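Next up: a single chain in structure tokens, the form predicted alone.
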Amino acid sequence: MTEGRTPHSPLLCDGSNATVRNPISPDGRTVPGERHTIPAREGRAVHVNAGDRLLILNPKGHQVCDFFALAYGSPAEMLSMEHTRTALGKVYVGAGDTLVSNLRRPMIEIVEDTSPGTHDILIASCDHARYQKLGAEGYHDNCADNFRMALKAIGIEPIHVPSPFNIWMNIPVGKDGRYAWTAPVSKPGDHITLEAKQTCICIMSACPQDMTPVNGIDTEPAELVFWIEEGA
């Protein structure tokens, strides 16, 4: 942990992992169709042009992906779950839904989902403080730091860690308003296809959570795979 820093600074990490040293390219651009692996517990950022599609594959089936997006050239505009909930009027999303930015502009459309469609738009990304509260000793990899490091790896300084679109994360909400932390219902080989409605930097974290069941029961965090398909 970095000593003496301002708590919860959006610019500084509590620790580090290989995310910051291994971008897919210096600026996050990639060749359409080229597959990239996000190792377990790490994050990656990719440049996605408006109209292109980002496919995210869950090889083991139980791995959650914390997904973020920033408007290209304007990082103060970002994918916003609170604005998306308002726009859609619901707390569960699926194929055909468009997720919006904090400026209420369309940003990401879910165009295909081979899983049962259970995802989360309520829960904040895990961070160092969260793992401390769960009883972790020392530094624990986390999605907030993966977000920061994935951006820094391609030369972008984050100004805020937004609430993510938690792909494949299963957080059922009961009639009493309480929710539970439960294992994903996705299957090995499931994928989700997201279309950029504006040019974005998309950031994905293979969530390192291993102290609750959100990445499965009796499993370890696993890798994810992604690639870009050019729009028509």
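Being a predicted model, the structure only gives us computed values, none of them experimental. Numbers for residues come from their place in the sequence shown, where the first is 1.
From this point on, the text means the form predicted together with a further copy of the same chain, which you will not see here.
Using a 4.5 angstroms limit between non-hydrogen atoms, Y92 touches a further copy of the same chain in the predicted complex. Of the heavy atoms in E82, some are within 4.5 Å of a further copy of the same chain in the predicted complex.
In the predicted complex, N102 approaches a further copy of the same chain with a heavy atom inside 4.5 Å. Among heavy atoms of V185, none comes within 4.5 Å of a further copy of the same chain in the predicted complex. Every residue of the trio A76, R130 and G177 has some heavy atom no more than 4.5 Å from a further copy of the same chain in the predicted complex. When you look in the predicted complex, the only residue of A136, L88, I156, I110 with a non-hydrogen atom within 4.5 Å of a further copy of the same chain is L88.
With the partner removed from view, the residue among T199, N170, S163, T30 that has a non-hydrogen atom within 4.5 Å of a further copy of the same chain in the predicted complex turns out to be S163. With a further copy of the same chain omitted here, the record of contacts in the predicted complex names 177-185 of 31-39, 177-185, 200-208, 45-53, defined by a heavy atom within 4.5 Å.
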